[in-house]
Structure formats: C-alpha cells, structure tokens
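Encoded as structure tokens, the following chain is the form predicted on its own, with no partner shown.
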Amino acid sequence: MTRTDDGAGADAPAPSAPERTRRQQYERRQLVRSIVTAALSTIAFAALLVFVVSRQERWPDVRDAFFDGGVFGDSFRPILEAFWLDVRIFLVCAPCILVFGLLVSLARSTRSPVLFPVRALATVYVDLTRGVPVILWINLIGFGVVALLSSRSFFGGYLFWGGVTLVWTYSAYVSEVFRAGIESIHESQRAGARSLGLSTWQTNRHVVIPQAVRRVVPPLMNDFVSLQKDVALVSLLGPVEALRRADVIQDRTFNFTPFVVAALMFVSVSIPLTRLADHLMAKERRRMSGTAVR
C-alpha cells in the first residue's frame, strides 16, 4: 500500500485515460455484439414461427377469417373513430382514480382513534371491491344504478356510470399501491417532522406523501396499463367504443379481422405505457441503489 506524506493510506491510482478509452471501446463492442446477436436470434425465431404456422393445414382458413386485408382496410377507420372514445374515458378516469385512490389510502393509513370508523369503512371498501371481478361491477353498477335513477336523471346514462365503475374498482387497487408506498417510509421521517413542529397533516403533506408517490410511480403505471385495456368493458353497457364497433362489423361481415384491428389499437397504446413503466422502474432501482445519473 502506498502512503501519503501524512502517513494516511492512499486508494489505488485511478486508471489512466488510455485505459479508460480501451475499457469504453470494449464495452461498446460488447453492446454491439449483444444487439446483433439478439436481432439475429429474433429474426430466426420469427422466420421459424412463420414457417411452422404457414405449413399448417388450416392456416388458409385462419388467415381468411382473422387477417383479411380487405376487411382490415374497410374496418380500420370506423374502429379508429370508436377507439377515440376509449382514449377519452381513460383520460377522464385516470386522474379521478389517482385522487380517490390516494384519499382511500390516507383513510386506511390514519392512526387517530377518532377516525377508526373512516379507516374501517375504507378497509371494507377495498376488500369488497377487489374481491369482485371488474366485469361484475360493470353490470351491477352500470345497469343497477341507471335503472334505479331512471333515464331522466341528471346523473347521466350508461357511459357515465361505466366510467364511475372503472373509477370505483381501480381506486381500490391504486389505494393499496399508495398505502404500500406510505408504509414504506421509515418512521424516523415522521418523528423528524414532528420534532420540527409539523402537525400530522403537514407531515403527511410535506414529508410522507411526496416520498411515497415517488416510490410507487412504476407500479401505478402497471395499473394504468390494465385500465387502458379494461376501458373496453364499458361496451357491455352499450356505448359504441372500439370493441363494440368491431363486434358490429364482425356481425355484418362474418369475419374476425375487426377484432384484430381493435386489438392492434389497444396494443399501440399499452406497449408504450409498458415500456414507460419499465423505464420508471429501472430509474427508481438505480436511484435506490445509489447509481442514478445526476
């Protein structure tokens, strides 16, 4: 071990510039080799899959039933116009779910004995909602509430209550994600805030919630990927969105290609959201491990 003039042990010398350059070149070559290998293996697998599927005896029938080019072109625009309704429902429901889910998580996380009824009610809501499939809630709330209020009610029709059902069900799941983030904050954070004179509300607002929200953004994105697909369940109540439009065209053409068109539209939105969720998870993992780029 080398020693400095003051007798303290010195760290190993930093690599010189040529060594760093050679290391970077080696890592770059490894990255290029990995990308090329992955691309070639993917192409080979895809070619093998196409070959095996196309050699099946019933493939021509499946191709005509699900991948008819003429039906695809005729149905694309009507389904795309209907898909805009799915997008609008998602854009309206997502913020409502975030707000309501956060409120429910705060109700479940409260420690005041006075607010025990609120905590119990929130617990019952979460357990009951998550225990029933979303499709059943669509039918129960969508048809039941509309029938109860009558068609002249200012509360809205089937589309409105379909959105309410999505907010009702997904808020239960999102609230548990928020609650996990809140409970992951170390107790010393609360104690430090209280020692500074902050009230419980101020502690939650300025200390706990900001840290909890930052930690749960990646899993929240996964929930919203699922929401983007489950928006199609609103069609059970009658609104003509992409899935319902595809079903109408299929009934007219006796061909399943419209369903493939609708599936591609949902995939075109869900895949970018999934990749964004992966990016946020990787970023959070680097941040927690202390290797995030600053």
Partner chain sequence: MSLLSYRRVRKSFGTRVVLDSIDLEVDRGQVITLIGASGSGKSTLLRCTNLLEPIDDGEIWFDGVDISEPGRKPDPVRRRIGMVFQSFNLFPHMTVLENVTLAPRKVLGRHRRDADDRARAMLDRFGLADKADDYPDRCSGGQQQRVAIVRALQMDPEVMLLDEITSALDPELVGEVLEVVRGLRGQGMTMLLATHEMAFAREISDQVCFLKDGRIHEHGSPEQIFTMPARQETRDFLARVIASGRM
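Residue numbers count along the first chain shown, from 1. Everything quoted here is computed from the prediction, not taken from an experiment.
Beyond the structure shown, there is the form predicted together with the partner chain, which is absent from this document and is the topic of what follows.
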{"property": "Partner contact for P95 in the model of the complex: the partner chain, 4.5 angstroms, heavy atom", "result": "no"}
{"property": "The partner chain contact in the model of the complex: G197, any heavy atom under 4.5 Å", "result": "yes"}
{"property": "4.5 angstroms heavy atom contact with the partner chain in the model of the complex for V124", "result": "no"}
{"property": "N222, heavy atom within 4.5 angstroms of the partner chain in the model of the complex", "result": "no"}
{"property": "The single option of L91, L136, A147, A191 touching the partner chain in the model of the complex, heavy atom within 4.5 Å", "result": "A191"}
{"property": "Partner-contacting position among V164, V207, A107, I79 - heavy atom within 4.5 Å of the partner chain in the model of the complex", "result": "V207"}
{"property": "Interface stretch in the model of the complex with the partner chain - options 110 to 118, 165 to 173, 138 to 146, 199 to 207, non-hydrogen atom within 4.5 Å", "result": "199 to 207"}
{"property": "Stretch 208 to 234 - residues with a heavy atom within 4.5 Å of the partner chain in the model of the complex", "result": "P210, Q211, R214"}
